[in-house]
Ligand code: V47
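One chain comes next, on its own, written as structure tokens: the form predicted on its own.
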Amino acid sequence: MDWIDQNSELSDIAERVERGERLSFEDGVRLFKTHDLLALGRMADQVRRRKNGDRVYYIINRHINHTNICVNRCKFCAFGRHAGDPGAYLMTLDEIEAKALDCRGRGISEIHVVGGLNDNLQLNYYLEMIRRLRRALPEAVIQSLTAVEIDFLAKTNNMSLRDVLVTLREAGLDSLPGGGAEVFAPRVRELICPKKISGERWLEVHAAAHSLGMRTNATMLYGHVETIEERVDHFVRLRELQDRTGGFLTFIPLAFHPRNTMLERPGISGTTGFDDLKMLAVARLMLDNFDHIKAFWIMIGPKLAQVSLSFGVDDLDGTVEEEKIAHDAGAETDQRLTRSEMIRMIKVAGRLPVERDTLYNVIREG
């Protein structure tokens, strides 16, 4: 551990990281407050190497956002619309199926479908959508519908979470994405998404999915009104659920983009590269029971995502194909990357590219 000054403010934490010990809430706060980004990155990189060596994962996937009509209209979201608003849309099942059929023969191993809470949609719409996706791409993992959408279906159909999940799984749903977590703290949710389910309910949905053997992702939307302490609390609560269930696959920090949202104002200008690398590194250090930390290049850009491979990250997500939610809020990245572009990013960083499926089964290396 000769890379860190023993007089450094982080030396005691670095020693615990070296020994593989769990970091405390107070440690997490200190990590976010430090300006020594390189020391933070080296600690996170040590954990990454311990867990994954030099392997960096990517996936060939397809995003579909089936509707932007949403009863919640969260203040941080530029994607949602009321029915009848300019730009509001709802894809037909035929249109969704056509997008999936277009993926045939292209090596797509994951279909990712999320959208708004459209109260004109019945459970049968979702069941038929998943059945059609399964028929169109029988080998792909269907990782779709956030915890918020699962809760909405449970409430509108007077069903338990478990019954909704079992019904969707029987239709072909394999896994849940991590969206809707935002920041768990009630204070934050009241300010940015007062109609959305609570942090406790989000955790309850994922716990229910885990109890059925479904693996899921976890996220945090950061860079808006949350405090450092609220970020760390979010990590601790994810870590506690992972201790109980072991059901989370990966953690994905989502950088807030304020453009076109109700939070767009002076003082809320989005994250910096320093913020993004720090978030990824602290996530790797705090979430010791998560195997993977993902840099979602759509949110932070492919160049910074590539740099993040030295800050605890072992996954760059995938080719995506089409993404609307972040781009409606001002994301300036492309909406897709090719397999060759992903591989080049990873190799130039000195790492081994590993194409995976949703569950981190290896499809090919190199």
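Residue positions are given as counts along the sequence shown, with the first one as 1. Computed from a predicted structure; not experimentally measured.
Missing here is the form predicted in complex with the named molecule; even so, the following discussion is about that form.
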Interface residue in the model of the complex among 285, 137, 168, 77, criterion: non-hydrogen atom within 4.5 angstroms of the named molecule: 77
Proximity to the named molecule in the model of the complex, single hit among 290, 184, 235, 256 (heavy atom within 4.5 Å): 256
Non-hydrogen atom within 4.5 Å of the named molecule in the model of the complex for each of 179, 252 and 261: yes
Proximity of residue 279 to the named molecule in the model of the complex, heavy atoms at 4.5 Å: no
Exercise: residue 299 in contact with the named molecule in the model of the complex, heavy atom 4.5 Å: yes
Residue 27, heavy atom within 4.5 angstroms of the named molecule in the model of the complex: no
4.5 Å heavy atom contact, residue 242 and the named molecule in the model of the complex: no
Contact stretch among 150 to 158, 69 to 77, 116 to 124, 82 to 90 - heavy atom within 4.5 Å of the named molecule in the model of the complex: 69 to 77
In the model of the complex, residues of 199 to 230 near the named molecule [heavy atom within 4.5 Å]: 217, 219, 221
